[in-house]
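Encoded as structure tokens, the following chain is the form predicted on its own, with no partner shown.
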Amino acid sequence: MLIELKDVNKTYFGAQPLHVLKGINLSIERGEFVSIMGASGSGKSTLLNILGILDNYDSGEYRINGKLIWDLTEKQAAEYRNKMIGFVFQSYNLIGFKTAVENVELPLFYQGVPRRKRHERAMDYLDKMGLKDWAHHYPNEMSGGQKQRVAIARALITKPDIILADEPTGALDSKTSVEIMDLLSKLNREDQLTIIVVTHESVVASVTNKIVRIKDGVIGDVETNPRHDASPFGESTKMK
């Protein structure tokens, strides 16, 4: 099992304690394409932060490849993230004063990969995204879809075990959303990448092969989706 959570709890303590995750149990196998669905305030963002080793949990167990992820120092957490997890965000999180290729290179810079080698690998990944001709353009010179493809290339370049995508189509128009979900589906299918998409849109979740629904900090049900490809996403979008 690639990812396993057992009875994971998380409470934020303030003037009024907020018990956000209430005994989460979740297993994800290598190569699965999973969506975590929930409304605002359901706990899905907190769950994403724990899965991405961006936040700790209070009790329970979280394991990746059998390794217990618990009470890490910030340096340890950063090392795990850089080796095992690639992130794709709704707002792209690209650095505005760096070109596309420089943005994609960045994780390799933190891994200490020599300049020429990281540049070559970044160009290869941009080429896979159909953006080789845009390598030396800055984010403000690109469309939303192009920026998200740069972000996906950056997430892939370290060859992580897991891709975490937080509302990856949230800032995109319908046509571009279809293209991005089609790309993620292709990466899952052809490269056997484990991809977890956090979304509140059922039309996005329909592309994945497992749908995990979370409400009020509790996982309600886990649904296997036998028809997972980009076509239902496109069809649903066109019908609106």
Partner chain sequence: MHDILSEIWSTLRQKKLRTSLTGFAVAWGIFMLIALLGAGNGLLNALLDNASVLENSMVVNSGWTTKAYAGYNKNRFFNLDTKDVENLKEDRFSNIVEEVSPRVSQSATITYGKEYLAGVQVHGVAPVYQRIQGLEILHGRFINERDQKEKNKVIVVSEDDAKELLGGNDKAENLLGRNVKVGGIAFKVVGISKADRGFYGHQMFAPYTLIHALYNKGKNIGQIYFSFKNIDNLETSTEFKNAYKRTVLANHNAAPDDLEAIYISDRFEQNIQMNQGVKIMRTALWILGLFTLVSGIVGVSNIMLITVKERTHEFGIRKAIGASPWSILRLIIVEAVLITTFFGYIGMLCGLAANQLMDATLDGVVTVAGESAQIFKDPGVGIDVAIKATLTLIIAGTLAGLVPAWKAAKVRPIEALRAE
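Residue numbers count along the first chain shown, from 1. Everything numeric here is computed off the predicted structure, so don't read it as measured data.
Separately, the form predicted together with its partner chain exists; it is not shown, and the next lines address it.
Trainee: Pick from 187-195, 173-181, 51-59, 22-30: which stretch has a heavy atom within 4.5 Å of its partner chain in the predicted complex?
Mentor: It is the stretch 51-59.
Trainee: Would you please decide whether residue 149 lies within 4.5 angstroms of its partner chain in the predicted complex, comparing each non-hydrogen atom pair?
Mentor: No - in the predicted complex, heavy atoms of residue 149 and its partner chain never come within 4.5 Å of each other.
Trainee: Residue-level contact is defined here as any heavy atom of the residue lying within 4.5 Å of its partner chain in the predicted complex; does residue 107 satisfy this criterion?
Mentor: It does: once its partner chain is placed as it appears in the predicted complex, residue 107 has a heavy atom within 4.5 Å of it.
Trainee: With a 4.5 Å heavy atom cut-off, would you call residue 74 a contact of its partner chain in the predicted complex?
Mentor: Yes.
Trainee: Classify residue 82 as contacting or not contacting its partner chain in the predicted complex by the rule of any non-hydrogen atom within 4.5 angstroms, answering yes or no.
Mentor: Judged by the heavy-atom cut-off of 4.5 Å, residue 82 is in contact with its partner chain in the predicted complex.
Trainee: For the stretch 84-120, return the residues whose heavy atoms include at least one within 4.5 Å of its partner chain in the predicted complex, in the order they occur.
Mentor: 87, 89, 93, 94, 95, 97, 98, 106, 107, 109, 110, 115, 118 sit within 4.5 Å of the partner.
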